[in-house]
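Shown here is one chain on its own, the form predicted alone, set out as structure tokens.
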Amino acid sequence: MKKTSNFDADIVISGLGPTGLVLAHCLGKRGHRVIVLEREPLFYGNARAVYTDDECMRVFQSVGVAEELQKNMLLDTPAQWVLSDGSVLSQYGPLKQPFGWPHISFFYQPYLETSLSDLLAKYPNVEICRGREVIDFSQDGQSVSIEHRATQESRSSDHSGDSINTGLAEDIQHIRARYLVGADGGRSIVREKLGIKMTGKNFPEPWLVVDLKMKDGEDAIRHIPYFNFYCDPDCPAVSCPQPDGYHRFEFMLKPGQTKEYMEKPETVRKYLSKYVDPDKFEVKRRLVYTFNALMAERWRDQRVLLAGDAAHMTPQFMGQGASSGVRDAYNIAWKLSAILEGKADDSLLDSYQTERQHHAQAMIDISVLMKDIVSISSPVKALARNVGIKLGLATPFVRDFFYEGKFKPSPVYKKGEYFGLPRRKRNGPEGAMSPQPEVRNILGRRQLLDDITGDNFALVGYETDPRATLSQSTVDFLDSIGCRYINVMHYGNRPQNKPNVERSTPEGLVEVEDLQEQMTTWFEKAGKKEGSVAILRPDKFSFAVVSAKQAETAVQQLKTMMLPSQLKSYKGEEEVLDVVTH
């Protein structure tokens, strides 16, 4: 990568796990110069994360890798709570796709990371430096100077967390970048150097994780096709299917059982034998671990940001650790890009933690609750749990709540804590992720809406050209930030057969039909009728949903919020708030 001006890179990313990989893709696609420093000299081939959801698949879609990754995923795999006798207590298996992708996708992490890493090769502006670890950094008002060296200690094997000395000379080097993102895991050196503390809870209950690979020619898991939480008070356990015959089991240790005892091959075999024939599998990893529910007090220090496990650590019981990091990366990327391109002030990054922290904490909390439900070891309490859940599931509301996964935190930012116009209704669309319907374009082809709205802001009109009431100067501003304009119509409702209908689509406008009426229904639920306009952020969260006559003021407020240091509020913020309120 060529050095230009006084910077070696726009952004340095410390860490090449899922968070760092997604961030590198997002920034690489936008044309920014990125250097990734990964301390492990070789790819770490362990399967840690196993699950992702529709929100994250939407992120993968945004960087053009979703279909490739999906080839090596198990889609729409139900998750179950199973009793000790094998009967199903409850099941979670939603099939609706409000964001355009399956709710549940299980993957094998080495496949996922290898694919994401290999696909970065299409960006000559992204440089991967393996075997390099950050040792220090300093920053001023314009840049971050990062000091890094050859990794001195690396993982010794896939079966333990032990490290070995690499024996390499330090070879200390320096990089000057505009920003540094610490995506370097729970033991983040970036967080440590900033002196940022983690708060929360460490859970002492150890679990044994066993990763398996079914031997060639075997067919040995027909009886456990789904993800199972075994609610067995004698030994709470987890069974997780993965692609290509990979499978994971986790077992909660009993009081007095030691790490050494549980990791013995004969002990592992004993526990596996309850569920599968161990002779039909190769043990890829066996490891006793504990887990944490922690949150960094600060996620940003001037030009240095924390993301993924460096910012928050999530227990594994909802499979949301890696997914939370993917959401972080998507949130950071468009904001950094806007700042680097001069479209926004640095203050835009202040919304990163305020937006993401509450959602990440909600994922931590539901994961801890799930752990509490599954890991009950008292037979009396387990019976009470089972009876309570069965009684609840007898009612349609509770049954739907469980099966459709409505217990999972929704992608909605806390009121007053997001970059957007105020949310005036309890379930208003502002600061919430917009739906992604499958739409029909003018050529009669089906597309997902995000492929049309693109990587920047988008104005989406409901049965209208969203520019209809905007001044030319306002349209010029939107054009300058790469905004796209879409008219979403009811299926079968294109303009036709009338003398006053234009025979050509207005320049710069894309007209589509909403095949399942998802976007049109979203407008209606927000109390907006035909002719309304939504301003969608690059990450597909809504900045505003307003009537046509409010659109001019809403866009001007977007302009003010993007560049507060250069602009005065458009006739005062009070007018915007008054318009949105009334």
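Note that the structure is predicted; figures quoted are calculated from it, not measured. Sequential numbering from 1, following the sequence displayed.
Heads up, the form predicted in complex with a small molecule isn't pictured, but that's what we're talking about next.
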Complete contact of 38, 289 and 316 with the small molecule in the model of the complex (any heavy atom, 4.5 Å) = yes
Is there a heavy atom of residue 487 lying 4.5 Å or less from a heavy atom of the small molecule in the model of the complex?
-> no
Contact test in the model of the complex: residue 183 vs the small molecule, heavy atoms, 4.5 Å = yes
For residue 371, is any heavy atom within 4.5 Å of the small molecule in the model of the complex, or not?
-> no
The small molecule contact in the model of the complex: residue 359, any heavy atom under 4.5 Å = no
Among 443-451, 96-104, 73-81, 321-329, the stretch whose residues bring a heavy atom within 4.5 Å of the small molecule in the model of the complex is 321-329
Option touching the small molecule, based on a heavy atom within 4.5 Å in the model of the complex, out of 248, 423, 178, 300 = 248
Among the candidate residues 69, 49, 526, 548, which is the single one with a non-hydrogen atom no more than 4.5 Å from the small molecule in the model of the complex?
-> 49
